[in-house]
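Presented as structure tokens, the chain that follows is alone, the form predicted on its own.
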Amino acid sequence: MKIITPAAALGAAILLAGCATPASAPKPDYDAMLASMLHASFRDQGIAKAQRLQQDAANAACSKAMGAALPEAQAQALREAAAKSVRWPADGKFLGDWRAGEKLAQNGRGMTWSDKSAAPDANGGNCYNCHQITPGEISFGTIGPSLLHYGRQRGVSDPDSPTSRAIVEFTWTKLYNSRAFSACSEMPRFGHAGVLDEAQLKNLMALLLDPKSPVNQ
């Protein structure tokens, strides 16, 4: 006859109790926990405001997707909304000064709590952080595609000509709100978000499209 010790009996009871415990405990609301943590960690300071934590429809959808592709109907709706947000130059002219555009592309400052002004002219474009732009640049990011010879490769010898109109408008839209082409684009929405003003956008346009710009040499 097999003798069951008190210790063995206690172990069996614990095991049975564990099996009887409901396996479907409620899952924590991680989204709510994250939102609470962010709002507790950030505050208004200088020109940097906590309202930046408020996501628009595109940011919310892309954050929730966590890198996965959005359903096509949802992505299309976001692209259409982004396209509608684009504002063309008030005077109908798309190109400014490529020299000012080069300085803007090199400039990575702006929109931090230590900046003294919230005006767009205090911001840089920080383009080299993601792109190669001019042949003389020895340090540049590779998150985005190379923009070297951008205008020349697209046959833009005269940006004001009717034949160049499509690429000019495409480039302006891409700078203004890149989500008009890709719903979850990681490129800054320079115009839509008020990061750069119209004059600055024109200068970046000239850097990319002016035949005299070092981009197209």
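Since this is a predicted model, take the numbers as computed values, not measurements. All residue numbers refer to positions in the sequence shown, first residue = 1.
Below, we turn to the form predicted together with heme C (HEC), even though it does not appear here.
(message) Since only the chain is shown here, I'm wondering whether A206 would be in contact with heme C (HEC) in the predicted complex (any heavy atom pair within 4.5 Å).
(response) Heavy-atom contact with heme C (HEC) at 4.5 Å: absent for A206.
(message) Is A119 part of the interface with heme C (HEC) in the predicted complex - any heavy atom within 4.5 Å?
(response) Flag for A119 set to no.
(message) Since only the chain is shown here, I'm wondering whether H131 would be in contact with heme C (HEC) in the predicted complex (any heavy atom pair within 4.5 Å).
(response) Result yes; H131 sits at the interface with heme C (HEC) in the predicted complex.
(message) Please tell me whether any heavy atom belonging to F170 falls inside 4.5 Å of a heavy atom of heme C (HEC), as the geometry stands in the predicted complex.
(response) Because a heavy atom of F170 falls inside 4.5 Å of heme C (HEC) in the predicted complex, the answer is yes.
(request) Could you tell me which of 89-97, 68-76, 143-151, 108-116 sits within 4.5 Å of heme C (HEC) in the predicted complex, going by non-hydrogen atoms? (result) Every other range fails; the passing one is 143-151.
(message) Taking heme C (HEC) in the predicted complex, would L175, S182 and S185 all count as contacting it (heavy atom within 4.5 Å)?
(response) Yes, the whole candidate spot contacts heme C (HEC).
(request) Determine the residues of 122-136 with a heavy atom within 4.5 Å of heme C (HEC) in the predicted complex and present them in sequence order; the list may be empty. (result) Read in sequence order, the residues that approach heme C (HEC) (within 4.5 Å, in the predicted complex) are G125, N126, C127, C130, H131.
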